[in-house]
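Shown next as structure tokens: one chain only, the form predicted on its own.
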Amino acid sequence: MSERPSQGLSFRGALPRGRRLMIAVLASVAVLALWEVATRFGWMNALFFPPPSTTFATLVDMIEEKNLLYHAMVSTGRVWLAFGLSVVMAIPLGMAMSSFPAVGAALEPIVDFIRYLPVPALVPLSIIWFGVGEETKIFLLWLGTFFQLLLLVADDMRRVPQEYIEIAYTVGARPTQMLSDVAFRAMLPSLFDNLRVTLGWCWTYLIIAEIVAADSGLGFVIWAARRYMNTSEVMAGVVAIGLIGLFTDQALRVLHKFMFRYL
């Protein structure tokens, strides 16, 4: 008779919160320790790949001496503004694409074409259209997020069980009521997860957006440090983005559990 696998190794098995946290901390510490050892023993060139101790010391110094927190707030504001615009536009359009075949037939070829375009290749056109101000930065961040999110919203809408829609119509719901009170609420848990994922995508376009005549933001800090081969500041800027993303993602995970405790 075969033994039952432990909780942590069983397929889709439950893992207590304390054990999950312990594993996450130990794995992170192990990666940092390996990174530190690899640079200290010369397995990797510290000039091009500074160790964690140097990186975090540089990060603290940049917070104290180079207004890194200000640059982080500027970048966060740009990302959330572009992401908010994407959400406001993608949710109704995505629901319409799945609900009304004519809308889907009209928009899907356009969306499929644009979402494969490389955002960096559109930087020159963006400057021509919007200049070198904040509009271009927001547009590039929006461009990297909106079309991906639109298809995810459309897929979430398609997964709403047809029985929900039929019951809503049976009790006399109008199409607008069915969309807002039935379909939207049914798709909201998976939609929230997709919003969390696409927010991460939006951050990945930050460097592209902030190299366009920027004088603030984490992308500007990283790009300026790159010019002088100051790899510790480049790495510190990258780590700052990663930390913001980590804390934001964990906060959204907690909010998801709070909002959808019935799942």
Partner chain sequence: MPAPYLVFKSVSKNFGALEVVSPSFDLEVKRREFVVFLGPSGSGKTTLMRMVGGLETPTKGQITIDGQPVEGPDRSRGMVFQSYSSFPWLTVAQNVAFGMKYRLDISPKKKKERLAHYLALVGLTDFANVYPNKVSGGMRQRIAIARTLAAGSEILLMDEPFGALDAQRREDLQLQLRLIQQQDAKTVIFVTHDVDEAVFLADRIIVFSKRPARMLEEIDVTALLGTERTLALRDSEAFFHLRTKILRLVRASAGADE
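Remember, predicted model here, so these are calculated numbers, not experimental data. Numbering follows the first chain given and starts at 1.
From this point on, the text means the form predicted in complex with its partner chain, which you will not see here.
Asker: Can you tell me which of 95-103, 162-170, 80-88, 126-134 lies within 4.5 Å of its partner chain in the predicted complex, counting heavy atoms only?
Answerer: Stretch 162-170 is the one.
Asker: Could you tell me which one of Val182, Leu122, Val111, Leu152 places a heavy atom within 4.5 Å of its partner chain in the predicted complex?
Answerer: That would be Val182.
Asker: Which pick from Gln177, Ser190, Gln148, Thr76 sits with a heavy atom within 4.5 Å of its partner chain in the predicted complex?
Answerer: Of the candidates Gln177, Ser190, Gln148, Thr76, Gln177 is the one lying within 4.5 Å of its partner chain in the predicted complex.
Asker: Does its partner chain get within 4.5 angstroms of any non-hydrogen atom of Leu107 in the predicted complex?
Answerer: Contact check for Leu107: no, nothing within 4.5 Å of its partner chain in the predicted complex.
Asker: Whether Ile138 contacts its partner chain in the predicted complex should be assessed with a 4.5 Å heavy atom distance threshold; does it?
Answerer: No - in the predicted complex, heavy atoms of Ile138 and its partner chain never come within 4.5 Å of each other.
Asker: I'd like to check something about Ala186: if you look in the predicted complex, is any of its heavy atoms closer than or equal to 4.5 Å to a heavy atom of its partner chain?
Answerer: The answer is yes: Ala186 has a heavy atom within 4.5 Å of its partner chain.
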